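Let's start with one chain on its own, the form predicted alone, as structure tokens.
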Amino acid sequence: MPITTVLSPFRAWKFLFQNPVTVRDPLTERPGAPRYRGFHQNDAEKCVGCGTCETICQNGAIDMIDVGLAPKDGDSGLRPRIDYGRCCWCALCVDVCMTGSLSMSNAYTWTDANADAFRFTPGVDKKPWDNDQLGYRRPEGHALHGKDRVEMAELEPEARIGTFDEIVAGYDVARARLEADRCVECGLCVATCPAHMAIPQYIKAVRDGDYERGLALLYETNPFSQVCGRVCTHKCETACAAGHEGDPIAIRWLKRHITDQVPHKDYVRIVGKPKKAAKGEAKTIAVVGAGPAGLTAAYDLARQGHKVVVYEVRKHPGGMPRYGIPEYRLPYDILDADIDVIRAMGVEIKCETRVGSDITMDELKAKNDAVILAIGLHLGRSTRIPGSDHADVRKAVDLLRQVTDEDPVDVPKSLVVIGGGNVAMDIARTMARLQMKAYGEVAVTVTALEDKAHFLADPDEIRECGEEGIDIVDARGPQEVVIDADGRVEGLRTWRVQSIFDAQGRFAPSYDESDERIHPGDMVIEAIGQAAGVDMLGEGLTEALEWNRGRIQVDADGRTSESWLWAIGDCVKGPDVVHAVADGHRAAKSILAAFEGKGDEA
């Protein structure tokens, strides 16, 4: 062994009594390169707390924490805290950030006596480098996720206008997986979905090709998954993090894709059998109305082993999805398939039974442990303008029901629709199809108070209306149904809308009377809103119940002021299938709690 090796330890002793030299901030004298990866910056206002940065971090350096922001649709209220004892500055968190809020400055402190200085929440814990322009930013055009939605095939306008065949074809397996691959599983959509469906999980099932698992996930929270896969208002997509830098994930279409891949004969096996209530514990529940809200509540209660009978006045169950949504949007065999699953849980549905005459509410109260009122909104509202009482002025909901029941419809050669919502678009497109079959051409005009930027209808509905030759005239206020000397309708007189609401936000349209138009039509159809028919309640119950602006007053779970009666769905919340489903779940949970003695006595 060389003598220098033997003496090395002794030579080191001379440094024992010297002061150490520590360079605490070498970048002060030698700044980092312009794209050096230093401490993170985060625009806390732009950030939505999706947690994608936390998910991609392989070192566990990022935690999503509560910073005191109130959660809202599309924003969890959480923000990323970064532990630089774990961070390796790979910048994957910056590259994957769905809003582009996260970046990295070129500032860094190598040492600090306080270890907590290396653990903070960028954009919330204020730092000197928060507004520095140097550092790492995601390169332009660089993304770890696809920005564009995978297109789905649909019928061309000229092929669909003469038929009630379904317009949208649905994804094939290859396209569905491409679309599912865009999802980063942030979960912001779950909070926005009224039914709180397990959206990231069922999208993952699409990626994995495990459609039975996907279907089981769907029916845990939504017994109308096939219906919602076609006509859901898909508010979840407005909260999708991918929508900040591209198209939101096609959540609705992926839900539909799952239901399309599983044979209907396998649904009940996958959903599972209902529980058997212990002897003497099974209760009986009556549901008035076989729409999504009532049938969802029936589904939940039957799965817990209770006896549920649903009373429906019409020939078929389904409520407004059957009698208000045209078949080109929702084929009725699809609706029937969902209802078959509900029946398989033991729910009995008695159609063509009118509550109030065939059986009274008092009888339902006497025979059951709880009663649910889910009667929908089947009455159309009137504008009450001069001439609106003419026989050729029709309500949209009445005509849509007539078409569903295949009753003969007098199809006019030209017509005018009043309204800018989905019902207005549905009746316009329905009548356009009937016109095409009868006359070989379309002559439908839609007039609405709102300008096109503020239409209540879905953008797809508006676009497809235009493609099908329907004339949409916005910002027009109806003033009179014009009737000729022979007593026939010849059109609608409108004025230009200047404003719809007054300074206090109340509905009070004002018009430019000098800007007047007459829209020709042999029929005028009103599609300005709907109401519930409550005649079946009877005078005594009507007086006993509490009301709120013409609607039955209920608590957060749908329970009325009468402890045995719940009211849910469109008749209390307004029209929307997925909200009706959520309402049904809440009512069923409330009723089960009452049965178990956790709520007021039922």
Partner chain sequence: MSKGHDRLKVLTTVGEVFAVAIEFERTARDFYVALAPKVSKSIRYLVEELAEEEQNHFDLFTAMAARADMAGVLAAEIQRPASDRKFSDCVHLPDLGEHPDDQAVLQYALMREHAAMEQYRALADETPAGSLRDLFAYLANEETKHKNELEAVYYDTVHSGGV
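Positions refer to the first chain, counted from 1. This structure is a prediction, so every number in the text was calculated from the model and none was measured.
Here the subject shifts to the form predicted in complex with the partner chain, a form of this protein not shown in this document.
- The listed set 423, 370, 492, 374 contains one residue whose heavy atoms approach the partner chain in the predicted complex to within 4.5 Å, identified as 423.
- The partner is absent here, but in the predicted complex a heavy atom of 382, alone among 133, 382, 357, 163, sits within 4.5 Å of the partner chain.
- Within 4.5 Å of some heavy atom of the partner chain in the predicted complex lies at least one heavy atom of residue 530.
- At the 4.5 Å threshold, heavy atoms of residue 563 stay clear of the partner chain in the predicted complex, well away from it.
- At a distance threshold of 4.5 angstroms between non-hydrogen atoms, residue 475 is out of contact with the partner chain in the predicted complex.
- In the predicted complex, residue 487 stays away from the partner chain, with no heavy atom inside 4.5 Å.
- With the partner omitted here, the stretch from 307-315, 282-290, 506-514, 408-416 that lies within 4.5 Å of the partner chain by heavy atoms in the predicted complex is 506-514.
- Shown here without the partner chain, the chain has no residue in 105-134 lying with a heavy atom within 4.5 Å of that partner in the predicted complex.
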